[in-house]
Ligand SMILES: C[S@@+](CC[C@H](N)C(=O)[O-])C[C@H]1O[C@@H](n2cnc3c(N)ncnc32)[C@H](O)[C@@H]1O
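Single chain ahead, written as structure tokens, the form predicted alone.
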């Protein structure tokens, strides 16, 4: 008999990031996402690899100066600010975490970018925007938290202007995990579900979008968990002081397990889709 899986609500996910924000800041700094390395011998730092992945996302959006992008699951805002700086475009970021909204808006003000970049509290399952409002959208490792990928993709398609592009990254399952392994992975990070690379074209078609690119980045992102484990040990005192010894011990035990699951069962994809000029929902 399979174990019953707990599915977090958007409120649960928001509370998770409210509580764990300092943890990710200690380990990852300005970015809360995977890095992109050119290969196993790439000497890039974590921050350099993370910026490289952000830049790849920016390239795929093809956002022009004056156009507006919707950042679905914006975190604390740095990728959105970097996109606005590079392209001259505007960004509206949404997150289910009230703390992240405050931190992201403060970061935009400190970067003197608050005229181009704003952040607000919203649920991606029910976007509070009119149809055809944005020139582009991206979802940076956020869709895995959401209860229904199909509904989120339909919502994004609705608010994109005809011809607008969606760029997203996601963690996908490549070989089946045991129920115990899957539940451990999902509950540890307040994730809702995993899909497969092969299923994504179907999800994109169902949302009424045209798939333009689907890349497996496992080789390039593989070092991320190992680097996180190194950072955890290096910054153990700061984490213990912030959260106590029990959470530190749990993470020291868990990250090697995550590394095994990533190596044997998971991959990381980047996807580009486009809303047809003639769109039918």
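Positions refer to the first chain, counted from 1. The model shown is predicted, which means the values in this text are computed figures rather than measured ones.
Beyond what is shown, the protein has a form predicted in complex with this ligand; the following relates to that form.
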Even though this ligand is not shown here, does residue 218 get within 4.5 Å of it in the model of the complex, heavy atoms only? no
Does this ligand come within 4.5 Å of any heavy atom of residue 145 in the model of the complex? yes
Is it the case that residue 116, even though its partner is missing from this view, gets within 4.5 Å of this ligand in the model of the complex, heavy atoms only? no
Close approach of residue 91 to this ligand in the model of the complex, 4.5 Å, heavy atom: no
Residues in which of 39-47, 220-228, 246-254, 24-32 have heavy atoms within 4.5 Å of this ligand in the model of the complex? 24-32
For this ligand, considered in the model of the complex: do all three of 10, 13 and 122 come within 4.5 Å of it, counting heavy atoms only? yes
Scan 63-93 and write down, in order along the chain, each residue with a heavy atom lying within 4.5 Å of this ligand in the model of the complex. 73, 74, 75, 79
